[in-house]
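Below you will find one chain, with nothing else, as structure tokens; this is the form predicted on its own, and questions on how it binds or moves follow later.
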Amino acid sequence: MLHGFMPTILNGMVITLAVAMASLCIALAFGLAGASAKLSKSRGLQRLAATYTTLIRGVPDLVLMLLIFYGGQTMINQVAPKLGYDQLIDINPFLAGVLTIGFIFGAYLTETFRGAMMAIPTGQREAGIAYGMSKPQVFLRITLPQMVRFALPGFQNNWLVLVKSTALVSVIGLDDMMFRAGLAAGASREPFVFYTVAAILYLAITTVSIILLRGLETRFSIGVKMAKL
């Protein structure tokens, strides 16, 4: 029924997962930096973070993907000769996809992390400083453990959307699951079958993610439930 294409689609799923995980790491970094900037006392950092989140959330993901991949490649090849480099530079589709998706979802995680940080009483951080902790120690020992619990619901939603957004990398030529499903659909002339297979595999990834993240949410809520009892 699948004409022997299933192994190659599964190999494409590995690439899809690699894109998702690498993008998540970048998104986490941008999200934490953006949330810290929004909550900082510097108006410059606040405005920069606000511009970042407003711009990214207002432009379609596909437009940003094409803009960074094709527009970025054109700009680099225009600047390179001026710096003495005459060879054509090709942007790696994996790198372009990961950077774009990570940059996009960093904006969404900025708001998730900002809300989580604001849910923690300011007095706890002030108490940490009073006890002689440095700001990094306060963040790691007081803010971060509690922030995770508040951020997990929003983080889960963002992760699920991020996984689905990895399908966009197929339009810039990355040999991911959607790209391979498209090749199989074209070769077999059975697009419904192979795109259904891709949909089922995406559903499997998101279902496993939901189960794992709910378990993590339960784990971080144990102390809170015991305190309420």
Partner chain sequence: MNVDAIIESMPLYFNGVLTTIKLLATALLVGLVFALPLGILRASPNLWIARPVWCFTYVIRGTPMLVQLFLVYYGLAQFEWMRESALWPWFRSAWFCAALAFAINTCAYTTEMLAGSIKATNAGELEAARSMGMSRATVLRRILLPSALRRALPAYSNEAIMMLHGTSLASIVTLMDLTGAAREMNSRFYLPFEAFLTAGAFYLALTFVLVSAFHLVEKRFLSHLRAR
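The model shown is predicted, which means the values in this text are computed figures rather than measured ones. Positions refer to the first chain, counted from 1.
Keep in mind that the form predicted in complex with its partner chain is not shown, yet the notes after this line are about it.
Visitor: I need to confirm a contact call. Of G71, P145, P121, G132, which residue comes within 4.5 Å of its partner chain in the predicted complex, counting heavy atoms only?
Guide: For this set of options, the contacting one is G71.
Visitor: So its partner chain isn't shown here. In the predicted complex, which residue out of I210, L216, L17, L10 has a non-hydrogen atom within 4.5 Å of it?
Guide: Only one option qualifies, and that one is I210.
Visitor: Report whether the minimum heavy atom distance between L45 and its partner chain in the predicted complex is within 4.5 Å.
Guide: No.
Visitor: Give a yes or no for M75: in the predicted complex, does one of its heavy atoms lie within 4.5 Å of a heavy atom belonging to its partner chain?
Guide: Judged by the heavy-atom cut-off of 4.5 Å, M75 is in contact with its partner chain in the predicted complex.
Visitor: Should Y108 be counted as a contact of its partner chain in the predicted complex, where contact means heavy atoms within 4.5 Å?
Guide: Y108: contacts its partner chain in the predicted complex.
Visitor: Could you tell me if T54 has a non-hydrogen atom within 4.5 Å of its partner chain in the predicted complex?
Guide: Yes, contact at 4.5 Å.
Visitor: In the predicted complex, do P60, L66 and V171 all put a heavy atom within 4.5 Å of its partner chain?
Guide: Yes, because P60, L66 and V171 each have a heavy atom that approaches its partner chain to within 4.5 Å in the predicted complex.
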